[in-house]
Structures are given as structure tokens and as C-alpha cells.
Ligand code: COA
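Just one chain follows, in the form predicted alone, and it is written as C-alpha cells.
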Amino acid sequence: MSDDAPVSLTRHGRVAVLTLDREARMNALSRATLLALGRLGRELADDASVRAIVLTGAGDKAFCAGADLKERQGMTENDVRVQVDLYRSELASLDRSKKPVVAAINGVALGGGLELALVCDLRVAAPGAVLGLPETTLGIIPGAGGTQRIARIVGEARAKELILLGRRLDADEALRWGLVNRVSPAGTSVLDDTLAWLAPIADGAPIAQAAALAAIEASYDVPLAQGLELEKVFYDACLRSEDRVEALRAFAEKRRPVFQGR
């Protein structure tokens, strides 16, 4: 696909799949790619038919190799600052999505590529995936949220190890670190495996899922006592939903609930 359309959108039932479609460039994050992710992310946020979003890369070599260094060679220092700001503005719709966002990491996820995966709520890796934040070896630091998000996921000590040593983790080590939630079985498409794995999300109660994500996110910046009070607020939103009544009715009738997001 051309750089005029660097991200493709497909639908698998209630799951929308965004594919970085620059295989020849290792799915690197060009300015056009970031803008496309922002546009599509905003569209999906408003699409009630979508229950979950999967982010993956074209081919089997790279999820995303990070910034497009060929494009960056022609940038001034100020151009780079603008580009870094685009990571925040254009990925915000995925970062703050009320719908679960899952990275299907089909190959290398380095630098900005791993930072893109860290924006997601969950991460599934192909057995051959390689993950890392090598920026300090290039004289910079992770500038798209990497220094902030990685420590929240794997802890401060491991975050420093990954960044300061320029460590690269294979899929199994990333799983042991808690950096990914699952490694797909060998010989299985990571996208197909991810879609099957997140079926409970696609069939689940979207109001409850959104409330759970909001409650967890809120806990990052407040003391435990305040977080518990916020949890009550988000719980109440579920309590007033038709989905909660449907779940109780389905339990009594010994059938699977059919959630409508109301």
C-alpha cells in the first residue's frame, strides 16, 4: 500500500483491525502513518458496532520498527519536536479509548514501535517477536511515552534495564517480564490467535469494560483511598445499565448473555 494510505482498516465481527501497511519500511511510523492512526482511532471511538480494536503490522517481520529514520533525516530539530508531539496527539484516541485496544505484535517492535504497543491495553506476541527501546544507544530517549508507560507495566528497575542497556527481549522473556500478556502458539497467525483470545471482550459488556478501563486508569494518579471512591463511581455506571439486568436474566435462564451496550 502507498504512503497515501499507510494504515488499513478491516473488520472481524465486532473487532476492528488496524494494520500498519508499510511492510517495505518495516511498518515504520511516518508522519502520514501517525495522522492515519489518529483519524481512524477517532472514527472507531464513535462507532458503536466496534467492541474492541486490534493493532498489528503487515507481513511477518515487523509490528513496527519505530520512527521512519529515512523521513527523519530530512527534519530539523523543530520538525522532530513537532513529530514527537504528533505521537501524543494522534495516538491519544487509542490511548484513551473506552474500547479495549490490543496489540498483535507480529515481529519486531522497537523504539516507537514498542511505544505504540504500550499505548494498547493488552499485548499478544508472535513467538519470533523482538521488543526493545534502544533509543539511548542512538543518543536520545524514548519520546513517545516509553519512559512513562514501561515502568508502570514492568516496574522501575526493569524499565531502567531495558532503556539504559538498550535491551532487546524475545517473546518468551517479554512474557516473563509481564510486557506481553500472551505468546501465540508456533505456526499460528498472531492476528488469528489474538482475535480468538479476545472473543470474551468482543462478546462482553462494553459499558462494564469501559468502566473497568477508566477505573484502572484513574488509579495511576491518586492515592488508594481516592481510587476506591472513583471505583464506586464507575461501578454505579454499570449498576444502572441494561447489560447488568441482561446478565442476571441470562444467568437465571442458563444461557449466554447478549450485551447491547446500554
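A residue's number is simply how far along the shown sequence it sits, counting from 1. Computed from a prediction, not measured in an experiment: that's the story for all the values here.
Absent from the display: the form predicted together with coenzyme A (COA). The rest refers to it.
The partner is absent here, but in the model of the complex a heavy atom of Leu69, alone among Leu69, Ile216, Ala196, Leu228, sits within 4.5 Å of coenzyme A (COA).
In summary, among the residues Ala58, Ala28, Ala36, Ala205, the only one with a non-hydrogen atom within 4.5 Å of coenzyme A (COA) in the model of the complex is Ala28. Heavy atoms within 4.5 Å of coenzyme A (COA) in the model of the complex belong, among the stretches 181-189, 108-116, 78-86, 149-157, to residues of 108-116. Although coenzyme A (COA) is omitted here, in the model of the complex all of Ala65, Glu135 and Arg168 have a heavy atom within 4.5 Å of it. Under a 4.5 angstroms non-hydrogen atom cutoff, coenzyme A (COA) in the model of the complex has Ala24 among its neighbouring residues.
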